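First, one chain by itself in structure tokens, the form predicted on its own.
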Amino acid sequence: MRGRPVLVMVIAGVVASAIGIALGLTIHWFPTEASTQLGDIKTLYDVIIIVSVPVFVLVMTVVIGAVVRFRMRPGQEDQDGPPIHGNTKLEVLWTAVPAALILGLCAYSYVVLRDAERAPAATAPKEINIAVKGQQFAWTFTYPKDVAGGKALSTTELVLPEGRSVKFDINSEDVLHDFWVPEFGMKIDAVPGITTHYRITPNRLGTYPVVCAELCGLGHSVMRSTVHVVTEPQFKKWLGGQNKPAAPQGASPAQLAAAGKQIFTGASGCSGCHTLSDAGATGQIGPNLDQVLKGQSDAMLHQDIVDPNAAIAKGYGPNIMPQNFGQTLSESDLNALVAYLKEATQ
């Protein structure tokens, strides 16, 4: 073996490649798979690992072998290195093989991404189109009239039916954001003045985080929402309840507060950011409402919701709370929410 350095390098390279590939395929790089697209993306990632690990090992093996074999020995400090002339066959080989690998991976990646963006077949359940707007520091989701029934529905929480293709139309109202649900395996920039798109088909029931993957300002870390993947009947039931008034006309204070509690713990997402004992909410992103809302009038509570920068709690900065509740909540919803917060904190 001592007289066959190339054979030693080949054996070492094969062993190292096998170990590297095994480790690369064993590690769980991705979260729970909740869309059909993520499965194909994971397969693409595995293929890239299988191809790239041997290439990396080959390069490093040659480098290490060359360093060991051609290292300068004592007494050779003033000598020139051995004369080396080119090898055309070797140069063609190390150019053509990497080029073929890169072209093959590019073609495979193109096919996977093209399929991920492909519209559903005519025989598949009707696709849902949802507009996503990012703004410092909240996401707003708008369902069109034909989906929401009667009029468009805007909400800060995303609900999707399992097994139906969803096309997101994404834009930004202020700076660059990045719409990302890790469990769906897809993300894309939200750019002011430009509408970007992507499709997913949820295939696993559950609740998953919606995050911003682009550093967008001081409140970037709290620019989070939630997506609920539910069954088709649950989705229709949720839609049916969203455009109804929070409380019936002439509701009693108790009925109004009950409706407000439902809003607080439901699609508005308030309970995810605030602590409020009555609602069982333990969020830490925003102020503790048990402490900061004591003694506030109806007008002050209303302002806290629709214009949160007008009075900022001590220890918190501006623009942490979404600025769009005045648009996503109806007046009756706001009245119910104010009634509930007053009842729960006074």
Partner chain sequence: MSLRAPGLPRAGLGALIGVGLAYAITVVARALYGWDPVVDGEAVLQVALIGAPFGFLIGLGAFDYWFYWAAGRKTRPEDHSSHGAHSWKDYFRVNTDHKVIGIQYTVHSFFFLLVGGMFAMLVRAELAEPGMQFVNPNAYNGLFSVHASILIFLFIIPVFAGLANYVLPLMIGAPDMAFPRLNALSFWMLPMAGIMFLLSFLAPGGSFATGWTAYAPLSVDAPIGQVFFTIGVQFAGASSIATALNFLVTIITMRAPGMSFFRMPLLVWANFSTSLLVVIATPFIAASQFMVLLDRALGFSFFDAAKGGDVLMYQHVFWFYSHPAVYIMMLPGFGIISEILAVKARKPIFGYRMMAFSLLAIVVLGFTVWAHHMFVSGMQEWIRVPMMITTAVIAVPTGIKIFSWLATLWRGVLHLDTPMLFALGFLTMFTLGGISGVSLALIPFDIHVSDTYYIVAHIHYVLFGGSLFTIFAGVYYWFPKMTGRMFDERLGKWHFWTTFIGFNLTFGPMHLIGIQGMPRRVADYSQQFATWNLFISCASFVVGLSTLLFVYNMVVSWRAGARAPANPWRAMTLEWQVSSPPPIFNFDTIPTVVGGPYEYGVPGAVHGVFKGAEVKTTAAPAGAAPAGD
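Positions refer to the first chain, counted from 1. We call the rigid core whatever largest set of C-alpha positions still superposes within 1.5 Å between the two forms. Bear in mind the structure is a predicted one, so any value in this text is a computation, not a measurement.
There is another form of the same protein, the form predicted in complex with its partner chain; it is not shown, and what comes next is about it.
| request: Would you point out which of 126-134, 232-240, 143-151, 192-200 contains residues with a non-hydrogen atom within 4.5 Å of its partner chain in the predicted complex? | output: Only one stretch qualifies here: 192-200.
| its partner chain isn't shown here, but in the predicted complex which of Pro120, Gly217, Gly206, Gly163 has a heavy atom within 4.5 Å of it? | Contact residue from the list: Gly217.
| request: Using the partner position in the predicted complex, report whether Gly86 sits within 4.5 Å of its partner chain, counting heavy atoms only. | output: Close contact exists here: in the predicted complex, Gly86 approaches its partner chain to within 4.5 Å, heavy atoms only.
| in the predicted complex, does Pro31 have a heavy atom within 4.5 Å of its partner chain? | Output for Pro31 is yes: heavy atoms within 4.5 Å of its partner chain.
| message | Is it the case that Cys212, even though its partner is missing from this view, gets within 4.5 Å of its partner chain in the predicted complex, heavy atoms only? | response | Yes, Cys212 lies within 4.5 Å of its partner chain in the predicted complex.
| said: Please determine whether Ser252 contacts its partner chain in the predicted complex, using a 4.5 Å cut-off between heavy atoms. | reply: Ser252: no contact with its partner chain in the predicted complex.
| task | Report yes if all three of Val15, Ala18 and Ser225 come within 4.5 Å of its partner chain in the predicted complex by some heavy atom, otherwise no. | result | Looking in the predicted complex, the three residues Val15, Ala18 and Ser225 all stay beyond 4.5 Å of its partner chain (heavy atoms).
| Within 70-84, which residues come within 4.5 Å of its partner chain in the predicted complex, counting heavy atoms only? | The stretch touches the partner through Phe70, Arg71, Met72, Gln76, Glu77, Asp78, Gln79, Asp80, Gly81, Pro82, Pro83, Ile84.
| message | Aligned on the rigid core, do the two forms place the Cα of Gly283 2 Å or more apart, comparing between the shown form and the other one? | response | Indeed, Gly283 is displaced by 2 Å or more.
| message | After superposing the rigid core, is the C-alpha displacement of Thr43 2 Å or more between the shown form and the other one? | response | No, the C-alpha position differs by under 2 Å between the shown form and the other one.
| Has the Cα of Ala121 moved 2 Å or more between the shown form and the other one, judged after a core fit? | Moves: no, less than 2 Å.
| request: Report the direction of the Cα distance change between Val229 and Gln284 in the predicted complex, compared with the displayed form, as closer or farther; the change is 3 Å or more. | output: It is farther: the C-alpha separation of Val229 and Gln284 rises by at least 3 Å in the predicted complex.
| query | Versus the form shown, are the CA atoms of Val229 and Gly283 closer or farther apart in the predicted complex, given a shift of 3 angstroms or more? | reply | They are farther apart; the C-alpha distance rises by 3 Å or more in the predicted complex.
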